[in-house]
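Only one chain is given next, in structure tokens, and it is the form predicted on its own.
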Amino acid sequence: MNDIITTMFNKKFMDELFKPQDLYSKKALRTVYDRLAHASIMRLNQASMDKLYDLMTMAFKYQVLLCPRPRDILLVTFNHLDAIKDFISDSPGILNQVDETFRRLIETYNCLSDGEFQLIRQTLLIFFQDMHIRVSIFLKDKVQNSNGRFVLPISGPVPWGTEVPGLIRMFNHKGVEVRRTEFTTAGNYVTPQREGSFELYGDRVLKLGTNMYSVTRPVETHMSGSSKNLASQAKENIAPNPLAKEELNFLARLLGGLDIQKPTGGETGFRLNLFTTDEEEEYAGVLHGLGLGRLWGALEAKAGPEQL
């Protein structure tokens, strides 16, 4: 993990990343993802790669879409970097590299106006506007409908700097308030207690951009016979994984900052399967070859793999 983070945040790469450039096309983004996945000993077939790519794009779209304010895109990015810093808290040298990127983000984007942040947000949403892939974790949390569109909340804290809806003020030609009218809203809105921190260290307040798999949620389990009961999902496993370094080295190799040693002798590396069973993976692969991969995903999301 330290090697990959060191490579990602080296100065030369950051200099290239901060240069003004056009947004990637969908084809270019998919090509980068394919090359990342196959640049290491990890191997993904086409069907598993489709699932991984769909999860990435929909998760990011969800974060951008639900930002209370356009400026909060920066808080989402800071949440991403805060999570990376947790991985390297015991490596001061690498931590300094990440902090330097943090400072460059603050220097570059903190001075932008709300209109400029709105333009950034709108550009990203236009990029993802035709993507409506259903994701199981979003469906279970009821934040995504069966048609793949996200559910916008009608309750909770309003964006920082705005007032809770329910009051109409009327002014005369001199700008003096002359009357107030209250109305009832459908949602239960509250005023946020504080604004998220845009500094190097601080409470971001906003939870978008944090690990969505770290939340404990009920899952279906098979008990005696065919009965089903709700059980608490196991807490996130944070034990070190001996294969984690090998899984992530492909990105370092792509960036040109780390030489990856290929398996030698009898080592064959490992194979990642994102499907429940090998039979399901093979079947999805056949459907993909026939151009029916999206249909399989839609049927699986609706009926569940055990009913297909």
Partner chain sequence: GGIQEEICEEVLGVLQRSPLRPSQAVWCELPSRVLLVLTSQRGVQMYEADGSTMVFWHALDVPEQPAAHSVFARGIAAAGGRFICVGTSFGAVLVFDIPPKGTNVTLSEVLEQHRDPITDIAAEQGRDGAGDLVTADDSGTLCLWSSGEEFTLLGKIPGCGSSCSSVVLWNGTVAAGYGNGQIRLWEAGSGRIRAQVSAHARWIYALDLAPLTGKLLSGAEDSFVHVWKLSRNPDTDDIEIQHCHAECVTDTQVCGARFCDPAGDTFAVTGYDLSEILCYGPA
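Keep in mind the model is a prediction, meaning the values are calculated, not measured. Positions refer to the first chain, counted from 1.
Beyond the structure shown, there is the form predicted together with its partner chain, which is absent from this document and is the topic of what follows.
For the options 214, 89, 185, 193, the one in contact with its partner chain in the model of the complex, meaning a heavy atom within 4.5 Å, is 185. Across the options 124-132, 99-107, 81-89, 194-202, residues that bring heavy atoms within 4.5 Å of its partner chain in the model of the complex belong to 124-132. At least one heavy atom of residue 116 is located within 4.5 Å of its partner chain in the model of the complex.
Contact check for residue 52: no non-hydrogen atom falls within 4.5 Å of its partner chain in the model of the complex.
Though the partner is left out of this view, residue 29 does not reach within 4.5 Å of its partner chain in the model of the complex, counting heavy atoms only. In the model of the complex, its partner chain sits beyond 4.5 Å of every heavy atom of residue 210.
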